[in-house]
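Single chain ahead, written as C-alpha cells, the form predicted alone.
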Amino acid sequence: MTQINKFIREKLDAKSLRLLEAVNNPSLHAFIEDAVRLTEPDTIRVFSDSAEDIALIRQMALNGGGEHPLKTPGHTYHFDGPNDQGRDTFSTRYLLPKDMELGASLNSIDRTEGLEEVRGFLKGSMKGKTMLICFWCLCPTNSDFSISCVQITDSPYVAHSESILYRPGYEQFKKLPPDGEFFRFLHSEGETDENGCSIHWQKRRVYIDLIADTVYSVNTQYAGNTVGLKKLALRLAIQKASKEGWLAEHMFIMGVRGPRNRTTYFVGAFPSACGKTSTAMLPGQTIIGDDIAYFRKRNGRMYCANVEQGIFGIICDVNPDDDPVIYKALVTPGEVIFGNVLIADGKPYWEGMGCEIPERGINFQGEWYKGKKDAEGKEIPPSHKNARYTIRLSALDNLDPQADNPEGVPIGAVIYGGRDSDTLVPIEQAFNWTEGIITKGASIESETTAATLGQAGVRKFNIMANQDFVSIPLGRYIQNNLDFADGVSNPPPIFSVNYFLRDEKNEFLTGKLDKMVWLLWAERRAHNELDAIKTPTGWIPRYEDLVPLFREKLGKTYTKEAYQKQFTIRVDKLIEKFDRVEKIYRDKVPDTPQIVYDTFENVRQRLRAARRQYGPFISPFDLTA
C-alpha cells in the first residue's frame, strides 16, 4: 500500500485516502502532490469506477457545480460564459523544449516559458474549492488500445461530462506497473462569477506538454478546452502513436450493412460541416464512434476502436427529420447535458430543432428575449451556434453491438470527405493504399461557407481532416499513415466522398440521403462484388450498379442524366487541385516525403493524357465505351 504524503492526507476523506493508497504508481502521486501544492484546494475527493461514485459526480455538478436540472428526468443544462463558447485555438499551444521542432503550422511556446505562465495562472486557483481526482480510460479497458488517464479538476461539470464520454479507468489504473505510463490533465475553471462562469477568460490557457504527457487548462469551462481526454488527448496520442507504430485519427467508426446481413466497418475523416455526423448516423447502419479512433495491426489486419463511449455534439439543426436517432435520445429521459442552449419553462430549445422557439428564456448571456441585441448591436440568437449536447452512445438505438469490444473491429474501408462544389465526384475509390492516403486523405480541401468566414468558396487545406490536432511534423504524419499498411496482407480500400458538388445553376447535384447509396456501393467494392470504371484518379461506380441501390434503398429513380452530371471527370479542376495542394506542401511542409510529389505528378500525367484523348470534361459513359 502506497504511503500518502501527510500534506495531502489531511485534505482527503477516509474513502479517498484508501483509493489513492491502492494505486502503486509514484509518478501519479508526484503529479497529484504537485497539483495540490500548486492549486491549494481545501479538500480532495478521489473517485473510483463504482456506480455510486459516478452518481456522486453528477450530484456535485447539480449542487452548485455548473449544472442545473431540467423537467425531463436526467436532463441538465450548463452555460459557459459569453466569451468562452468554443475551442480556444489561439491559446492552445504545445510546450516545446528548445531542441524540439514540430513545424511552423503548429502553435507552440517555449516549454519553460509556457510552464511558468500557466502554472502562475493555476497558483492558488482551487482555494476554497474541492479538488476532484478522476480516472478514465481512452478506448475499451483491458485492451491493447487502452490508455489510462487521470483528470484533476475543480469543476464537477467537467468531471460529469467525462463520466458520460469516457469509460471508467480506476481499476485499470491500479493494474499499471509502478512505472506505467498514463496521460495526465490538470484543469481549474479559476475565479467564477455569480453564474458560475470563468471570469478571467482573457487569461485562458490550454497548454500541452508533450514531454510529460500532460495538459494544463485554466480560466475556462467550455468542454473543448477543459475535457482534456477529447481533442487535447488526441494530440498526446498522435505523438505516442508515432513512437509506437500505431495511428490516432480524427475519425468516426460505423458499421455499413451489406448483403446477407453482413456488416463492414468503415472509418471516416471529414472537416467540420462536411457531413461527418450525418454519414456516421445514416439510417439502417450502426455507429461505434463519431469522433476519434485508434488503429492497431494484428495478424496482418487493421483494427480500430472508439476512444470514447459518448458524444459531445453540435446540437444546432438536430431535428426529428434529419437526425431522428439523436433527436429521440435528446427528448427521452436519461442522462443528457445540454450546453449553451435556450432554457424556457424547464425545457431546452435550439435553432433548427423543428419546433417553435419561445420568445423569452435564459441562455449563455443571461435573460434573453426575441430581438435582444449585444453591445455591438448584433441580434443575440436564442442558442449559441456552437451549442452542444453530451450523451452516452448507449442512448442511441443504432449503437453497434461491437462498440465495446476490447479487440476493436476490423477496418473494412476508409473514407475521406470534404466540401467541394466543382471538382470531385460523389465517390471514388483510390487505386491502392498509397494513392488513397496521398490523393484522398493528405489532399483534403474544404470550401468555407458564408456563415464561417463571410466569404463562400474559399478552399481550406486540412490534412486527413486532422490538421488542428497533429502534434508531429506533417511529413512524418503522412509517412506514418503510408507505413501502416506494411505487413497488412490486404489493406482496406480508401474512398473519397463529396456531397457538395453543384451544377452551373449553383444547385446541389446530390440529395441529402444519396450518401447512403455511395457507402453501400463502397461496401460492395470492399468485398470485390462489383466492377467499376477506371478514371485517371481512381475507380468510380457503374451506372447500372447504382440504379438498383437508389430504387431499393431510397425509392428513387436514378437517371442517366443525373449520373453523368455527378460523375463527369473535371480534368482541369483536378489538375488545379493537385497543383494547389502540392504548393502547400512545398511551401509549408519541408519534411514532405518524396513519394507525395511523385504521386501528384503521376496523377497529373494521367489526367493530361486523358484530356488529350477525351477533352477537359470526361463523361463516365465515354470511359465505358
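For every residue, the number given is its place in the sequence shown, counted from 1. Here the structure is a predicted model, which is why all the values come from computation and not from measurement.
One more form of this protein should be noted, the form predicted in complex with a small molecule, which is absent from this view; the next part is about it.
Novice: Here the chain is shown alone; which of His250, Arg204, Arg184, His78 has a heavy atom within 4.5 Å of the small molecule in the predicted complex?
Specialist: In short, His250.
Novice: Of these, Pro82, Pro381, Gly196, Gly224, which has a heavy atom no more than 4.5 Å from the small molecule in the predicted complex?
Specialist: So the residue touching the small molecule in the predicted complex, by this definition, is Gly224.
Novice: Can any non-hydrogen atom of Lys230 be found within 4.5 angstroms of the small molecule in the predicted complex?
Specialist: Output for Lys230 is yes: heavy atoms within 4.5 Å of the small molecule.
Novice: If you check in the predicted complex, is Phe312 within 4.5 Å of the small molecule, heavy atoms only?
Specialist: Phe312 belongs to the contact set for the small molecule.
Novice: Does Arg87 reach the small molecule in the predicted complex if we count a contact as any heavy atom within 4.5 Å?
Specialist: Arg87: contacts the small molecule in the predicted complex.
Novice: Might Arg388 be said to contact the small molecule in the predicted complex, defining contact as any heavy atom within 4.5 Å?
Specialist: Residue-level check for Arg388: yes, a contact with the small molecule.
Novice: Pick from 117-125, 216-224, 146-154, 486-494: which stretch has non-hydrogen atoms within 4.5 Å of the small molecule in the predicted complex?
Specialist: That would be 216-224.
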